[in-house]
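One chain follows as structure tokens, the form predicted alone.
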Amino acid sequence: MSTQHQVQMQDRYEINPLFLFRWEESQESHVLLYPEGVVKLNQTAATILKHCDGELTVDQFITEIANEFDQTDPEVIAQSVVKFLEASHDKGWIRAKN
């Protein structure tokens, strides 16, 4: 039985310190580096992880992402962002900041 982390809109997330998030020129994409390997990220994943700075709430950075992509209704992207955050948390890429 697996349990999935439930993201709340007032949560704040940061990249797990075991991972290094950066642009990798050789991959021509953002990546997450960790001792066992590398995860190549698509543009959407990289955009979301850039906002996982521990300062903004999920609700705040959904609004910022919506503005970046000229989306007038943040609710359109909110579900996708939350699903990605839940999966990223379950994989250990991010952690909730207290």
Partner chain sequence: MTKAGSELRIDGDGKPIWVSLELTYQCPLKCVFCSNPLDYDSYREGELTTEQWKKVIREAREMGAMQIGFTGGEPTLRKDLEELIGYADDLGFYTNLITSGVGLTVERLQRLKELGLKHIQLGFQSCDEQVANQMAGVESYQRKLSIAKEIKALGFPMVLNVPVTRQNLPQIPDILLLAEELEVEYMELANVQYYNWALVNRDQLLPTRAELEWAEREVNKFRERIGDKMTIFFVIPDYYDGRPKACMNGWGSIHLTIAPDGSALPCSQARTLKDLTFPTVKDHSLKWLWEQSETFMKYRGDKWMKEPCCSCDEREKDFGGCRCQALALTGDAANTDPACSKSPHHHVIQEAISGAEMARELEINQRLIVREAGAVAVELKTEVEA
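Numbering follows the first chain given and starts at 1. If you're wondering where the values come from, they're calculated on a predicted model, not measured in any experiment.
From this point on, the text means the form predicted together with the partner chain, which you will not see here.
- Though the partner chain is absent from this view, in the predicted complex it lies within 4.5 Å of a heavy atom of just one residue from E14, E24, D11, E86, which is E24.
- When the partner chain is considered in the predicted complex, E36 lines it closely, a heavy atom lying within 4.5 Å.
- The shortest heavy atom separation between K40 and the partner chain in the predicted complex is within 4.5 Å.
- Under a 4.5 angstroms non-hydrogen atom cutoff, the partner chain in the predicted complex lacks V76 among its neighbouring residues.
- Contact annotation: V31 falls within 4.5 Å of the partner chain in the predicted complex, judged by heavy atom distances.
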